[in-house]
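For reference, the chain that follows is the form predicted alone, supplied as structure tokens.
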Amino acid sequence: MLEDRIRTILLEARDYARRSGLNAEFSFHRERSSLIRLGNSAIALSTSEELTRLDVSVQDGRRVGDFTLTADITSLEQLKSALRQAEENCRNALPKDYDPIFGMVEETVDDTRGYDPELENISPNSKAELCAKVIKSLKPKGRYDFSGSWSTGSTEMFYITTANDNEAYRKMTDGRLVLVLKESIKKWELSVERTQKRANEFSADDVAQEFEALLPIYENNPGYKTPIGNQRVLFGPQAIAELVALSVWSGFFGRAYEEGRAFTAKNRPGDKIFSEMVTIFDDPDHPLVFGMPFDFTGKRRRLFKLVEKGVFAGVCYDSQTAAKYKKERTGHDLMNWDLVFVGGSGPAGLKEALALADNALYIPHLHYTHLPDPTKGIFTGSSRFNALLVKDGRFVSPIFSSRITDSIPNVFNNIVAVSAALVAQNISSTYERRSPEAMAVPSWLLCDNVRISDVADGF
């Protein structure tokens, strides 16, 4: 539950808004963040911050006014001032061309399942020591340099409105380690990532071993320049998460769908759009995601089906889009989703996946992704870290930087097999306010006819 002092002031502000005849929403956000950055195999930055924000919104008919207070919550008078500013902004706002939906907490929520005080308070020294252990074990073995980042912290959210007395509260912790090894002459790079919901989920030995498994292939073999054209590709977790994110962005947002900008715009729920091996849910109760139990209009979030066995199952509507197009809101007034790509029947391990792939490109990461034409689901992205040529079911050499330019429907209609094992992939943005987001994705995804559009002469 939210700290009593702050909760009491917020509830008093809600009561004051009611007495003043205002329709008001209060959205509280508090974060504790700690970040270290590495460069040239040393700590380049170690910083932390604690930020409290309160978003106040007042609605009068078709007019809506917002005001954000970035400060600790100290008094009722402070919140009365913020409320008056939101009220003034409402009076001066242009009316919308639809009747906006006013927020209401559907049911009281008090969710601290994802909170671990040990992860919230992990020290920068502890992080630096783990990274130093990895670097010291690997750096003497080659011409290696290390960079990366490790972000940890906690996020609290509390949402109430004048519509009823229900309260929605959530507190959680998250962390993401990205460590990059770069060979200083040949310029190839290896990356190891870890997603955290709690402290002590990995060790320096775990991270070092993942690098060590790849180093002999990179050190003992020349780079491979793959032909341009359609290829069999074995995707890894980070690349799969990118594909899922691009798919949702270009195909399943209500506003883009209604305006005909989504690649699914010509489809209707029930249409088959992907291979039957594709099932994508937004599921806040899945154990591998961070689990956002309500959205920023108080809508209780439950499992929402986007694609089920290749069939188009649903479009996501935030409250404004739902109001404008007279649809039901679906609990997507939020920045952080809980997407799950449901596992298939393929073996869990990468070794078995390689045997199944036989000859393929292994691309575990996709970088600098973009959607040149979302109306067709066309995306582009390049391999960078850990990309390898698979021949006769085993890794034989690193591949030069290769770009995929293809469409989401083509990739998701040419799936050969999907791993039964799911892994967590932290995809949180590092900008604006702390907004933890993780996906649950298969440990690998094997696809045919993926279009390689460009290949560099080096890494």
Partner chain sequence: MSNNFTSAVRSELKRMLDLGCSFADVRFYDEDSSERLVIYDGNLEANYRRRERGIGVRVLKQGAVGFAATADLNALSACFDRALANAEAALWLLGFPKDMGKAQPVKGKYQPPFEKDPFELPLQEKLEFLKMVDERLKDKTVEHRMVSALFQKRRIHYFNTEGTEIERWVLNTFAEMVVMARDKEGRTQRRSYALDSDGTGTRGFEWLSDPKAFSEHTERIKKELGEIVAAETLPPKRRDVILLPGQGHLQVHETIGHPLELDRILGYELSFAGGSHVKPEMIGSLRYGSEKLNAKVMVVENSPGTFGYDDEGTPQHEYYLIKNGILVNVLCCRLDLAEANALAGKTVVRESGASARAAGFYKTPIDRMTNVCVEWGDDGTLDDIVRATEDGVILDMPVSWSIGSNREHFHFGCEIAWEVKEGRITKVYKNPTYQGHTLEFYNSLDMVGDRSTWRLFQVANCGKGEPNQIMEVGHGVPVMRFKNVITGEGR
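Positions refer to the first chain, counted from 1. For clarity, every value in this text was computed on a predicted model and none was experimentally measured.
Omitted here: the form predicted in complex with the partner chain. The next part is about that form.
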Quick check for you: of 63-71, 418-426, 387-395, 22-30, which stretch puts a non-hydrogen atom within 4.5 Å of the partner chain in the predicted complex? 63-71
Please check if residue 141 has a heavy atom lying within 4.5 Å of any heavy atom of the partner chain in the predicted complex. no
With the cut-off set at 4.5 Å between non-hydrogen atoms, does residue 38 touch the partner chain in the predicted complex? yes
Could you confirm whether residue 227 comes within 4.5 Å of the partner chain in the predicted complex, counting heavy atoms only? no
Contact label in the predicted complex: residue 137 to the partner chain, heavy atom within 4.5 Å: no
Of the residues 93, 248, 207, 199, which one places a heavy atom within 4.5 Å of the partner chain in the predicted complex? 93
Given that the partner chain is left out here, which of 309, 327, 367, 302 has a heavy atom within 4.5 Å of it in the predicted complex? 367
Heavy atoms within 4.5 Å of the partner chain in the predicted complex is the criterion; list the residues of 182-196 that meet it. 182, 185, 187, 189
